[in-house]
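Listed next as structure tokens is one chain, alone, in the form predicted alone.
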């Protein structure tokens, strides 16, 4: 089965937005730790966890234990998205008689553990795992623990116990965000190496300093170490531990406290502080401004596409964009599903397969079986019936659904039926069929117009800009409304893919900051712009935001 990538990604975004909604309404809560574990929670809930929201106590359900219970908004938001209760109930967070308290409580459906004092959740999970074994049950127990929580001796006593009893039905996740209540973990009780300066990114990036996994290995655990915000890495890790026998597993997930909201990221102050209600709408927009980079490998060496995939992966691409051309729908021919199947084992990064072929309904199953995670077909070669069949095949196989239109094509009326359920819409900004073309400038206006149309039709997917996108126009494409950016010669055609992708991200980030400052000004003028900028305390963010605000005449 494929990743079901957009299905998970969209629910993670929705859960983050519910966290802000609940904490803002309560005037208190813990956004930082809720956001650092957001991708872990989303992957567990919407890919692996067996549950029934209509029957929360179903005997054969899997169990999810949140040991770091202060991050309860991150649990409640996922329970709401999963259908355990109405999403509007998140606004009762921490209120008298609410089912949603500051720490998880059994009165909330879907809660498996009353988290209060830290350090207990793993021991509780071991009890459930042992009980499942005694009862001959096959359900699994997933437990999320914090790195600050790992100061507790009971965590390590539990680690010895799980190893002794060979609890292979237990998987723990360490939310390794390097921050606890008062400071960075490495200045309180180091799990890796002591942090002597203030640059937390050095701990995150430098693998030579990571000692935590070795500690767990010494206790007899199967250990996997991942980037805790990469959906594909989380899913790969969980699939791996499900195959592991005779030992408990822990996934050490390097995460960023407050991930997704710039002023919260890596800032200990946002461990347990609620946003100002005037700021919350800006955060909401920021969460909608998540973006992804998708290098197109056909712009590289077509005789060695495996190496181009590796270059994109090493460059930390979000997707690998695969342009499939049949020589009929477009004049050129590239490769088919057989090549995708050959490339698939190289990386777990999602494959974004763009099918520029005739009669896609006849071939789409081949591309599913080859390992595509996202499949996009062209509206020009579909009608309501054939696209409906493609849609159903992709949904059944947990492949994300995309639709593309050429520069001279408008969205056909028959697409109205599918817009609200579409994961991705590719707006071609060159004539499809070959790489290296220049961006068609009229695509800016077209994207603006289509974004407005899609908003009215409850589109919750991502618009992908494809064709001629480079460092000179990617920021404008973002401001148009695109959120996924395909780069052919502008990325894969460059010698240093990693630094080029980094430059793309900087350009897009500049556009996002510009958009958020405009939002702040529209809501509260110069006063709110200054308040928004002042929140950005870590690194050089504040000075860069001030420069953008000055250029816009807002300060």
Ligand code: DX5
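Numbering follows the first chain given and starts at 1. All values derive from a computational prediction rather than experimental measurement.
What follows is about the form predicted together with the named molecule, which we do not show.
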The stretch from 168 to 176, 319 to 327, 343 to 351, 142 to 150 that lies within 4.5 Å of the named molecule in the predicted bound form, judged by heavy atoms, is 319 to 327
Applying a 4.5 Å heavy atom distance criterion, does residue 373 contact the named molecule in the predicted bound form? no
With heavy atoms only and a cut-off of 4.5 Å, decide whether residue 250 touches the named molecule in the predicted bound form. no
Even though the named molecule is not shown here, does residue 277 get within 4.5 Å of it in the predicted bound form, heavy atoms only? no
Please tell me whether any heavy atom belonging to residue 357 falls inside 4.5 Å of a heavy atom of the named molecule, as the geometry stands in the predicted bound form. no
Among the candidate residues 419, 292, 298, 463, which is the single one with a non-hydrogen atom no more than 4.5 Å from the named molecule in the predicted bound form? 298
Tell me, out of 119, 432, 102, 481, which residue has a non-hydrogen atom within 4.5 angstroms of the named molecule in the predicted bound form. 432
Using a 4.5 Å cut-off on heavy atoms, which residues of 448 to 468 contact the named molecule in the predicted bound form? 466, 467, 468
